[in-house]
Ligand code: NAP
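Only one chain is shown below, in structure tokens, and it's the form predicted on its own.
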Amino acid sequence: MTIDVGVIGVGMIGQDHIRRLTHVLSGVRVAAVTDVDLDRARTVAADLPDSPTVHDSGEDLIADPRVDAVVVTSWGPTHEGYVLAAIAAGKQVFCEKPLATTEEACSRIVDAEVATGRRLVSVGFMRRYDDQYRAMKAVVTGGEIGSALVMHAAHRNPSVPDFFTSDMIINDSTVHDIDVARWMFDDEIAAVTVLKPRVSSKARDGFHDPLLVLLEMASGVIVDVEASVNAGFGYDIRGEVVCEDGTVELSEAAGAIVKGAGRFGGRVPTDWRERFVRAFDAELQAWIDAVAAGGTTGPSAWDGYAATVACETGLRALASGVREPVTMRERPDLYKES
């Protein structure tokens, strides 16, 4: 069975997903595309096999009876409308993070999905599909080195565009670590504190970079995330869980370590596409297979809601300089096993 997918948004990540849907993954075909820039959508479509339809809007694409399922990779504030339209149409939808940009918007999506009585939404937190993170979680969940106490994490970008703000360090970068923390420990975040270290000389005026984000899990585990977006040297992702009887950490991601002439070294990934290319592939293949089987898989609308609430709490903590508690609605039964 081949799933006909419509892609809403053909910017950088949209085109990267279209590449893997077309050339890497199996059981799927890109049947339709659209973008706020229709000329860009037409250009992308012209290079694809099977002549996908270019729709004037995301709503038109979702309503197309030839589209079996929807991938949303458009600008974050547009996600709510497209996901709600997909739910109303009864179509499975894969939405890149964020699910939506506010707690209220995410809650409306949760309510709409719960009203259908089945899961239709999957959110693009690809680190759950990364082999290294999965190996780390298997050790933590297995308990072979005792109960988890602390997690150290780092998210370092070589640079960011001029439109990037201090707030985006939390809701665009650290959001991945927030989801990893919830998934790693099967737990919710109870409070967030944001500390402002000495500002990097590479940061623009008024830009707080780096930030240290402290997540208090409900179980008492503490997660510290060093978030830096002007690191310069590469895209560097770190993670270590300290347990009662040992530690488990991510290994270096970029191939072999070379030793010679009294030195050793290796490559650092240049960007997120290089570091997580296999995770993206695995994530979307798992989703396609689930859609073909009549369901969905992966991070749920509840996971998207919880991540957005934690990010909003982090932004309050960034502004206030004090510990901010996380307050969430009750988890609906639909997501109790998620």
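Numbers for residues come from their place in the sequence shown, where the first is 1. All values reported here derive from a predicted model rather than from experimental measurement.
Omitted from view is the form predicted in complex with the named molecule, to which the following refers.
### Task
Report whether the minimum heavy atom distance between Thr247 and the named molecule in the predicted bound form is within 4.5 Å.
Flag for Thr247 set to no.
#### Entry: Trp272: touches the named molecule in the predicted bound form, heavy atom cutoff 4.5 angstroms
Trp272: yes, in contact with the named molecule in the predicted bound form.
### Task
Report whether the minimum heavy atom distance between Tyr82 and the named molecule in the predicted bound form is within 4.5 Å.
Yes.
### Message
Quick check on Trp75: any heavy atom within 4.5 Å of the named molecule in the predicted bound form?
### Response
Residue-level check for Trp75: yes, a contact with the named molecule.
### Query
the named molecule isn't shown here, but in the predicted bound form which of Asp111, Asp172, Glu252, Asp187 has a heavy atom within 4.5 Å of it?
Looking at the other structure, the residue within range turns out to be Asp172.
### Query
Of Asp236, Glu103, Glu226, Glu96, which one comes within 4.5 Å of the named molecule in the predicted bound form, counting heavy atoms only?
By the 4.5 Å criterion, the partner-contacting residue is Glu96.
### Task
Select, from the options 122-130, 146-154, 190-198, 213-221, the stretch whose residues sit within 4.5 angstroms of the named molecule in the predicted bound form by heavy atom distance.
Going by heavy atoms within 4.5 Å, the stretch is 122-130.
### Task
Residue by residue through 28-43, tell me which have a non-hydrogen atom within 4.5 angstroms of the named molecule in the predicted bound form.
Heavy-atom contacts to the named molecule in the predicted bound form: Asp35, Val36, Asp37, Arg40.
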